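A lone chain, given as structure tokens: the form predicted alone.
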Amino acid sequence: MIEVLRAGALTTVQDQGRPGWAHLGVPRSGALDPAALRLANRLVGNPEQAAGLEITLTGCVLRVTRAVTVALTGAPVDVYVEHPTRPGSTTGRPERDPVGPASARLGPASARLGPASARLGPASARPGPRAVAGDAEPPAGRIRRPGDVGRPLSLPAGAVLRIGPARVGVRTWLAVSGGIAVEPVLGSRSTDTLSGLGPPPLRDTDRLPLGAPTGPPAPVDLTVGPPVPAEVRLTVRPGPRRDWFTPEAVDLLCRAAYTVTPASNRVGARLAGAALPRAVAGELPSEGLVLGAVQVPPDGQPLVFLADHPTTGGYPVLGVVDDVTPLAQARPGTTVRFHGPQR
């Protein structure tokens, strides 16, 4: 069992999603960086499709009720394990809390793309969540030792895992030996923040069941994930409604620089930049949407749909991005550039 001492701005259960249900109006959902979660699962000896946690921006604090192995991948964070002092140890003093004071953390805000708790936003504009017992320094008789992203960590029963805010990027994935064993829905344990399928986002005091471990941790010292780029470059192919835009719009999409706005979340990345002019002034009946669709609302500002995207939409789709994974780590203000598949 995992006990949630502090859930952070947005922490959700995710696995590899529920593909194959779009014809029933169910999007794929799942981890925004599926490869990062697969790697975390391999590090703790889980099957790659096991469910873990997707932790957004501000970190979280968890306590385990049994001995487990955990591993983190994705955005770099400070991580500490707090547990009883070992016999004979002379270290009883706590170390710095990597999560930091409550006033420095992000909290939920209203969203246009999805549920309130799912939206990104600037840290300075958002209140922090209330402090809980897990924020306090460890009591006498307990020690706090550091861990590393990309390395398996052994936790004894009763240990507290403190995961700090992302130093760069947005999201970190946590795997626990045995996997998060919440009840699956349509073959997946993923939280879909738009449709509400799967477990709700974590809240303070939640308790999550764990499955039985199926294998030993990976025999590695450390894995190094890809760095978070300062600029995101996305390969885009023509979309089904390209003819609804002027030739200049297509050229502009691949020439101008756009920035990620705070109105972005797991549903989509809303971008700001040069408006894309339409050749057709009317509106469409709703039609199917796919992961990576670049939809253009009437204001001409594009948005790229991510894992929790709706399955239908009424605005024309100018293009489709091949791989949206880099957007999982794009903070508001990050520059996004599009290019064709020939580059």
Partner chain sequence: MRIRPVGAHALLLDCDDAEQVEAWRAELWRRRAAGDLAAVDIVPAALTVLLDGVPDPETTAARIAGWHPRATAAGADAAEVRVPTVYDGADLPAVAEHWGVDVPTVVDRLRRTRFRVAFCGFAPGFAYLAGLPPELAVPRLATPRTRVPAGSVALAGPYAGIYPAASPGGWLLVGRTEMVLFDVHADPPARLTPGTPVRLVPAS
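Positions refer to the first chain, counted from 1. Note that the structure is predicted; figures quoted are calculated from it, not measured.
The same protein also has a form predicted together with the partner chain, omitted here; what follows describes it.
Shown without its partner, this chain lists Ala218, Ala181, Val168, Val185 as candidates; in the model of the complex, only Val185 has a non-hydrogen atom within 4.5 angstroms of the partner chain. Note on contacts: among Pro201, Gly164, Gly239, Gly225, the single residue with a heavy atom within 4.5 Å of the partner chain in the model of the complex is Gly239. Between 64-72, 273-281, 44-52, 287-295, the stretch whose residues reach within 4.5 angstroms of the partner chain in the model of the complex through a non-hydrogen atom is 287-295. Contact between Glu231 and the partner chain in the model of the complex is not found at the 4.5 Å heavy atom cutoff. Contact check for Asp251: no non-hydrogen atom falls within 4.5 Å of the partner chain in the model of the complex.
When the partner chain is considered in the model of the complex, Arg28 lines it closely, a heavy atom lying within 4.5 Å.
The closest heavy atom approach of Gly333 to the partner chain in the model of the complex falls outside 4.5 Å. Shown without its partner, the chain has Thr311, Thr312, Val320, Asp322 in segment 301-324 as residues with a non-hydrogen atom within 4.5 angstroms of the partner chain in the model of the complex.
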